[in-house]
Structures are given as C-alpha cells and as structure tokens.
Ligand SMILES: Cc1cc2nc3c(=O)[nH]c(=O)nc-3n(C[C@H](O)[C@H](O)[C@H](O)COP(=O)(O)OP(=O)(O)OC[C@H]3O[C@@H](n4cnc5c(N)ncnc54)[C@H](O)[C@@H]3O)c2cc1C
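Just one chain is shown here, as structure tokens, and it is the form predicted alone.
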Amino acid sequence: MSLPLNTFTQLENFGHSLKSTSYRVQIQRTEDIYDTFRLAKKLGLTVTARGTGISYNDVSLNSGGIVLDMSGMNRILEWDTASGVVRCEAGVTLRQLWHHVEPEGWWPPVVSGTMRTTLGGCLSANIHGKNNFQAGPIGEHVVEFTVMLPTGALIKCSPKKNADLFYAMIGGFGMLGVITSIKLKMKRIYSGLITVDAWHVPNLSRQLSGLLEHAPDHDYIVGWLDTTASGKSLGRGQLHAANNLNEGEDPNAGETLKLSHQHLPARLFGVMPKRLLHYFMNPFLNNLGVKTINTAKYISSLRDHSFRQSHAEYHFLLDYVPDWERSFGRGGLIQYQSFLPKETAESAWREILQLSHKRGLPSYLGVTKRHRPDKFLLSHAVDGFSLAMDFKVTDRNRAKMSGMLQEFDRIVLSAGGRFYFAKNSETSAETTEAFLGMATIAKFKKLKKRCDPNGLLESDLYRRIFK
C-alpha cells in the first residue's frame, strides 16, 4: 500500500513566500480521512488538513508528509431560514456561505478579509473580523462541529458536549482532529448595504484612541495605518467604522439583498480586467513606490465622509484585486500580526515601526483592529488592539527580515502581547511558550495525546512552535 507519486506536489502559503512538498490527497467524504490516517500510520507519515491554502504562514504545509485537500467536502447540508443556523461541510468557503444566506437576510457572524477561506480553516484558525470587539472570534458563533480523530472516532463538540475539545480544537490549527462539518449561527441583516464612516487620523496615538472611542458605537471598525510614515506622522492613517442598517432603513432592501448587488466588479472602471492589475502593481512595490502611494492615499483621506456600500465590498478588501499578493514578486510576502493590550500598544508599535524604518525594511501595508479576550485555549486575543503588517520578501532580505521579526517578538512579549498562529511565520517555540504559558501548552499536549495517540497530525507550523 503506497501513495501515488503523482500526488507528491509542491504547495505554498498564501503569500508565496513559503513552500513545501507533500503528498496531496483529495478528500471527498469523511471515510477518505480515516483511510488516509490508516495509510499514514502504516507508512510512518504525518497528516495535515488544508482548505484553500489562504493562511499567510505554514499552518497548512507538511513537508514530506500528507496534506488532506478538504476543498472537495463543500456541501451545504442544512439551512434553517427562520433561526439562521446553517450546517456545512468543512470545505465550504465563506463565498459559498454568504451567497447561500445573504439573499434571505442573513450574513456570517464573523468573516476574514477574503471570502476564499473554508469554514474548516476558519475554525482551525478561529478567525477574527472587524467586529471582534463585540462579536469575538468565529468560534463564539459555532453551535457544534463534528470532528474525525486519527483513531477513527467521529465525535461532536459543542460548548456543552466535549467542551474541552470544543475550546481547544477551535484555534487548534487542526492538530487534534480534522473537522468534517460545522453548525454555525448567522447574523440577521435587513439590507444588502452597510453604512460606513471614514475619517483620517494624523498619528498612532489618534489611530488607537479612535479605535477605542468609536468601537462601542459601531458594528465594525478597522484602521489603515501608513507604515512608511515617520516622525510626528508615525502611525497616521484612516479609520473605517460601519453599521448594519436597521429594519426599514433601506426602502430597496429587496433589491440590495440580491447577489447581483453584492458582487465585486471584475473590471477596473468597467474597462481593465482586475486579474491583470497585479502585473502593473509590481513595479511600485518597493520602498520608494509604496511610500509615494501611501502618502497619496493619506492625502486623499483628509476629507472625512460617510457612504454606503455592499457587505461584500466592505468586508472582502483582499478580493478587490485577484492575485494581488503576486505583485510582491518572486519572493512573496509575509505578514506579521501582533495583539497588544490597550495600555502598552502605542509604545510597543511605535518601537516596532521605528525599528522597521531603521532596518530599511518597512511594512508595505498596516491594518489595525479593536479586540477583546475570549476563552479558547490557544487564544491570541487581548483587551486591546491588533496590528497586521505586510512585508515583501526577497532572496537578499530574507535573513535580515527574519532577524527583525524576532526582535519584534521580543518587543511584543515585553509589552504583554500575543500572536496569531494563522499569520506569523517566524514565531519560535520559545516565543510560543512565553506568551501561552507552560500550563496551557501542557493542557493542549495532553489533549493531543488523547485524540492523536500516535502523533499522526503534524504540520510545519506545529513542528516550529511546539517541537
């Protein structure tokens, strides 16, 4: 019994900066997962589940092992339009989900910046959105899920049934079992439109105070941070806060809730195909080009304004330009995201931004959000803020970049911060131990021994942060 050689293929992370070669097995049904577990045990290989591969790091890579391609398990199994509860297979994407529920006045309770993520991936990463400060991560809206353990057991988990596994598997990046189906509660909406208030902030202090002050009055809030600005303008940018429309506010709700009002246009100005834009963006993806673009963007944001746009337009910014990440060039990009308490965020991020300028490796994009704590075992959340920073990777700067990010880690840890396992690609085992604590790690490993006694579930991420 062996794996066909034609399944041995090279896989990448979303930013195309990390690569590994694995046996890729297409999963169509739950039984395929167990069959693969048995084969992996016989061959002495490890197994990792993968959805659409949208993670910025190595969470769905498994060098030399087996990768379960879950994208084929993508059926919506049940949909109750009265309660807003949907049950889906793990390979269903956010795009499939909102397309199914939005016309009937519902929206996923938490979404990522792209609609291409699978629900299995969303739970494994316990994704957060622009509404984390009030809605928490997606795990808080899960009614129950079904998971296949490497032992062959198929169990259900909810906040009341197998609760220890529920709070460990959500955010456990697939290392305790493979989620096969999910029951999730949707959010009621009364219009296909959302009201957005946009205003500029001149520096980092105003950026963070704006998030803190305005979050309670809005359903969503997110900030763009000009990571190339320095001096008194360090941390300048723009905030976008949004509210869902109340019942009766949209006289044309029947029309705006139609999918035809939600789709992102495929062409720029109705002429140029957006799928070609990343080729034109590439020459500007350098320190000088990005600084020029960011300056122009900030100047254009000085006129504060309010407007309405569709839910898809507001939430899925990463889908505006198809394959935008390829504009970063052959070396790709990595994202560094840190979560800091509101008391220490400003000083820590000021130090991080200044250090990136000093090293000549500025981030090309910065995004801020407001967060609150949650009770998941491997939680990244704090009562504070997050800052996600995109960095361009080249053969010449890779080692220097890695060293700088390790310095970032020390700054974040000293400020009481935390990290997100779906993003950072440099987090070490020592850093993981420092922010999670030995007690949390011991509890997770005890659960792993119980669910995966033969250690079949592993990924490049798992080996990096736990071994």
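Just so we're clear, the structure is a prediction, and the values are computed from it rather than from any experiment. All residue numbers are counted from 1 along the displayed sequence.
In what follows, reference is made to the form predicted together with this ligand, a form of this protein that is not presented.
Only one of 422 to 430, 23 to 31, 37 to 45, 402 to 410 lies within 4.5 Å of this ligand in the model of the complex by heavy atoms, and it is 422 to 430. By the criterion of a heavy atom within 4.5 Å, F385 is excluded from the residues contacting this ligand in the model of the complex. Taking non-hydrogen atoms only, R236 never approaches this ligand to within 4.5 angstroms in the model of the complex. In the model of the complex, this ligand sits beyond 4.5 Å of every heavy atom of K392. Contact annotation for G192: none of its heavy atoms lies within 4.5 Å of this ligand in the model of the complex. Comment: this ligand is not present in this chain, but in the model of the complex one of V290, I127, L208, L353 has a heavy atom within 4.5 Å of it, namely I127.
In the model of the complex, no residue of the candidate spot (L204, Y336 and P362) has a heavy atom lying within 4.5 Å of this ligand.
Contacts with this ligand in the model of the complex, taken as any heavy atom within 4.5 Å, map within 112 to 140 to S112, G113, T114, T117, T118, G120, G121, C122, S124, A125, I127, H128.
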